[in-house]
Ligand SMILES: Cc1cc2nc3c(=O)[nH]c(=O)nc-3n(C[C@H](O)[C@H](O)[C@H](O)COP(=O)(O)OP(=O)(O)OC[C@H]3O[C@@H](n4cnc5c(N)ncnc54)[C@H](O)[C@@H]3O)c2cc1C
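What follows is a single chain, given as structure tokens, in the form predicted on its own.
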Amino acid sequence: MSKALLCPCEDVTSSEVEHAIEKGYCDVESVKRFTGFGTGMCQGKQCLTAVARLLEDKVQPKPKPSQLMAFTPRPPLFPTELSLWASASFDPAKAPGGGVPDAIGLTEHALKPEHPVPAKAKVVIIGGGILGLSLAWNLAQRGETDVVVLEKGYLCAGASGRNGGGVRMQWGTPTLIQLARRSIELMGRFARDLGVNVWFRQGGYLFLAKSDAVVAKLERAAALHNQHGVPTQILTPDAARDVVPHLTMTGVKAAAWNPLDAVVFPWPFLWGYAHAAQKLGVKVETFTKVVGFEQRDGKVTKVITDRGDIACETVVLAAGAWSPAVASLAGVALPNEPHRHEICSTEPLKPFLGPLVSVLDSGLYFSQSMRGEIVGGMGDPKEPAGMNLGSTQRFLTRYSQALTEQLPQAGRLKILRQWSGPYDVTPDNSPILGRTPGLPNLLQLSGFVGHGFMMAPAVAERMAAWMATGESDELFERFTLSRFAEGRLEREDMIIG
């Protein structure tokens, strides 16, 4: 294979593009996600034509014109310094606007399969994100391979491919602490167990608190963490600056620090589960939209898709913030609401930042990837509920102001790309798991409020065991949908943003 450099910004060679084609990524958008080409300073301006030409030469049968089209552009149009965005103004009392539109989860895609879906399966999982795919792999590991995963877009199209990759044990309830500990343990073994490097890095999480109320929250959480074997420490601002010397600690009263928290690269993490599950016999059907259900005698008997119907024994709803819309097709009302969270990435720097840093009061968070980019985001208290995934200048201004307050030298960095993803928010900030009242073979796996990515390995491990053995597990009894009607909430308040 040729080692010719097609993307100088990201060091992507022609051999790496050919490897992506061999894996089945046969359009420009998919190759971008598999190799990272076009995500550097030029945003594809120098390399797009070369990659499209290679696809035209190597893909058989010959690719459709739509497979060679430019990938979805990400704002800003040109790399722009954080200091410029920080100098802009915004109205803190005004709700965010729609922003630059973002196409996501399109079903009429060049790679949409022309053949029908399998006519039947024992288990149908709706949602090809990290929760659905990790569950599929765990079921297959237990010998249950008659599983079909349905994804309405491409893999990584939804929230799993749009997050910052942070994984932490610092939570406010024992259950989530234990799940996070187990997830991070499994992530540390991922490359060995599944043969995929997810760039797992335990640089820790450093939470900063500016108000007395948040200081008290961190102190309560740290005591709980210590009871469950998580070595979180409460630090003074000076001690926190020893962890990250570049921080100003402006307005910070205290910090919480756990060195065992981590960051992983989301895309290979998701692909690793998908490919490993497929090797064991699981079928992953992309660009496939669920349009209805057939029910009989209080059970779901078929999942109806735009590529045919699948008769099944069990259905798992793992579609994240899209779950309420899918559930409504079965006459089930979920209380989840989608909330947009924006995120961005800068040009790369020589690595200097070990932990992920978060100002819990404002929802600011940022970390440095192993390639050197500063990747971060910030919640917006004025963001209304709704599946709005556009990108806004308001976010860039708020984020740049908050980041440069704590890390002034970041003002010289250029923002290369910006995107958004949906938090899947429930009334108590805890997930919805287990059986659906009135439809016991429709299992719920959603409502993780932005932390499904980090909980997926542990939750999927336990859910697969629960499904395979029928043994009781309090996780799928406490966090059921019925708790909302019963007034039995499971409140979690250690949410970033």
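Each residue number is its position in the shown sequence, starting from 1. Quick caveat: nothing in here was measured; it's all calculated off a predicted structure.
The form predicted in complex with this ligand exists for this protein as well; it is not shown, and the discussion that follows is about that form.
Annotated contacts: Glu151, Ala159 and Val326 all touch this ligand in the predicted bound form [non-hydrogen atom within 4.5 angstroms]. Put simply, Met169 is far from this ligand in the predicted bound form: not one heavy atom of it is within 4.5 Å.
Contact between Val449 and this ligand in the predicted bound form is found at the 4.5 Å heavy atom cutoff.
For Phe453, a non-hydrogen atom is located within 4.5 Å of this ligand in the predicted bound form, even though that partner is not displayed. In the predicted bound form, this ligand sits within 4.5 Å of a heavy atom belonging to Tyr423. The candidate stretches are 286-294, 407-415, 115-123, 140-148, and the one lying within 4.5 Å of this ligand in the predicted bound form by heavy atoms is 286-294. A single residue from the set Asn163, Thr175, Ser369, Ser362 has any heavy atom within 4.5 angstroms of this ligand in the predicted bound form; that residue is Asn163. Looking at 295-322, the residues that come within 4.5 Å of this ligand in the predicted bound form, counting any heavy atom, are Ala318, Ala319, Gly320, Trp322.
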